[in-house]
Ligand SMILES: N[C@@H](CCC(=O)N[C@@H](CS)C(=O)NCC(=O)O)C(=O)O
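The chain below stands alone and is given in structure tokens; this is the form predicted on its own.
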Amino acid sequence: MKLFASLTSPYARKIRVILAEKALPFELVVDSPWEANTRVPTVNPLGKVPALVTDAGDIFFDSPVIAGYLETLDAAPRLLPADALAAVRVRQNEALADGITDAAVAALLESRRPDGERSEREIARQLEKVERALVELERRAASRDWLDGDRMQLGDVAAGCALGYLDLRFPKLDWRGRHPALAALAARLFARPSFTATVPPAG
């Protein structure tokens, strides 16, 4: 398998963590869709990472789809429950965590617009989404080790990648001070080799 990914993409990090947890071999193709010579549009017409090319030549994008595909390979550990409704609940956690990332990315891109084009109101609106979602994740993480069930699942992986992205792009946000259950969850996740091996470079 080949994974097209940017080293700072939290969506790509989610897939890299899953691949590491499942010990699935793959070739990492580091490619940023923002570069002029990017090859990403050849594997994803939306021009986004991650994109996975299987050994059979199938191409999957974006991260929730790739995560779903990797579950079909029957490689341990399973990150989705076998029960269909339970799996939907875990994917809801994934969607909530990915929504934090979506809003954080939107806020970052808006903050990088030139003076006169940048909207502080839009940045604030996106960061309000982040905070509302953090409050909900905190509620789900309270008084338990994992967001759902007694082991790490896909929603936890997505949450860890979202929180790591906040550390990278919004280090002054102090989400740990306001959300102690999430801080404890992040500490458990960030200690795993799959997370320590995929820490994004600064910048």
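All figures in this text were calculated on a predicted structure; none of them were measured in a lab. Just count from 1 along the sequence shown to find any residue number.
Keep in mind the form predicted in complex with the ligand is missing from the figure; the text below concerns it.
Next on the checklist: Is residue 11 near the ligand? Define near as a heavy atom within 4.5 Å, in the predicted bound form.
Outcome noted: Yes, residue 11 is a contact residue.
Checklist entry - Is there any non-hydrogen atom of residue 162 lying within 4.5 Å of the ligand in the predicted bound form? => result No.
Next on the checklist: If we define contact as a non-hydrogen atom of the residue within 4.5 angstroms of the partner, is residue 49 a contact of the ligand in the predicted bound form?
Outcome noted: Within the cut-off, so yes.
Checklist entry - With a 4.5 Å heavy atom cut-off, would you call residue 62 a contact of the ligand in the predicted bound form? => result Because a heavy atom of residue 62 falls inside 4.5 Å of the ligand in the predicted bound form, the answer is yes.
Checklist entry - Only one of 151 to 159, 49 to 57, 137 to 145, 174 to 182 gets a heavy atom within 4.5 Å of the ligand in the predicted bound form; which is it? => result So the stretch in question is 49 to 57.
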